[in-house]
Ligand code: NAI
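Form predicted alone, single chain, as structure tokens, below.
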Amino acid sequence: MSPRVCPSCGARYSYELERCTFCDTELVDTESESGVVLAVTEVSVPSVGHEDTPYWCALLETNDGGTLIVKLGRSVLVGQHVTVGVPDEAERIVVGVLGTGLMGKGLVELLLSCGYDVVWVARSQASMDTAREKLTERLSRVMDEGELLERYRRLNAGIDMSALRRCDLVIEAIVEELEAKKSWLRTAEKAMRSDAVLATNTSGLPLDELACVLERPERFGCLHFFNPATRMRLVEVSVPDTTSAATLERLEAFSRALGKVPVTVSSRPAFVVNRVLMPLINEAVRSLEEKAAPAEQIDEAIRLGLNHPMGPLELADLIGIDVIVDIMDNLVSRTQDANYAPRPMLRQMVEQGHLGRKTRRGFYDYSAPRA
């Protein structure tokens, strides 16, 4: 919705509100505005049976010297320039997302929250219907009805790859399997314009092997977002040797436009974060196997002892135990280092279907609210 201003004291708001919280005067609509973030607070909306949905309340100094209170569906930093409504970057670019899994939904949520036009492609209509229902549930918890309708006017969701012709950038976020990604990337590239950029969200599959199936490898790279995409600020940007300097620059600029911090890393196995994280998770699982402590106490020890916001077992549940095992197996295969091999308990959990939050059972039970 358009920002609203108090005609009495001049306070401005960018969310559904009828009267000023300072002087109780009725608010009036204004044109969209932009400004620099003076202060920001993250707020989480708790819900029984669902993960918390974050949003950010920011105080802006507007271009005319006034102030504006805004509610955002994405993280921002003090000093960052923010446009209320649709950012200039979003007006100029259409972004495609391939896949309806955890990261696919997260990326679409992030892009719509930032005001981008989005083309969302799924393998089947059934998976798209399910994913869209979950997306609506999340967005409706931080947006009013008018905002939600405006965002959905910017969304083209379906199973037709030819819709990618509109896109300036396409991000592949399907299952973390090499052959599946090759197939989807090859098909997507054929549907895209020759001047568009294609990116993968892989957490560490070999980029040179993905690039070799493409006709335009110079326009291909990796944007490794972290879950949840709306909250995590890091994007690992990586490219194979065939990628042009202009494509790398576009990938970095796009990450910054989303309010993320791009860190460019070499295309070594698992990049940087997962290369460091997987041994930590493995050792936490080893401690659990050896009954050093229950899962809750292992996580609490790591949170407090290393000042981490989340323990390694809880984080594994969030990522997905099957994804963890795939990353570890990939690391062993590509580095020949058996230290990355997943612990027996991880493989057993995958066999049992206890994959973490997405199956409501992992190291923790998510079928009921945790104390």
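Since this is a predicted model, take the numbers as computed values, not measurements. One-based numbering along the sequence shown.
Absent from the display: the form predicted together with the ligand. The rest refers to it.
With a 4.5 Å cutoff on heavy atoms, V323 counts as touching the ligand in the predicted bound form. Shown alone here, R361 lies farther than 4.5 Å from the ligand in the predicted bound form, counting heavy atoms only.
The closest non-hydrogen atom of G99 lies within 4.5 Å of the ligand in the predicted bound form. Interface membership of S203, defined by any non-hydrogen atom within 4.5 Å of the ligand in the predicted bound form, is confirmed. The contact with the ligand in the predicted bound form, taken as any heavy atom within 4.5 Å, belongs to M103 out of V239, M103, I298, A188. Screening T130, T264, N227, S287 for any heavy atom within 4.5 Å of the ligand in the predicted bound form leaves a single hit, N227. Only one segment in the set 179-187, 144-152, 243-251, 279-287 has residues whose heavy atoms sit within 4.5 Å of the ligand in the predicted bound form; it is 179-187. In sequence order, A173, I174, V175, E176 are the residues of 145-179 having a heavy atom within 4.5 Å of the ligand in the predicted bound form; the partner itself is omitted from this view.
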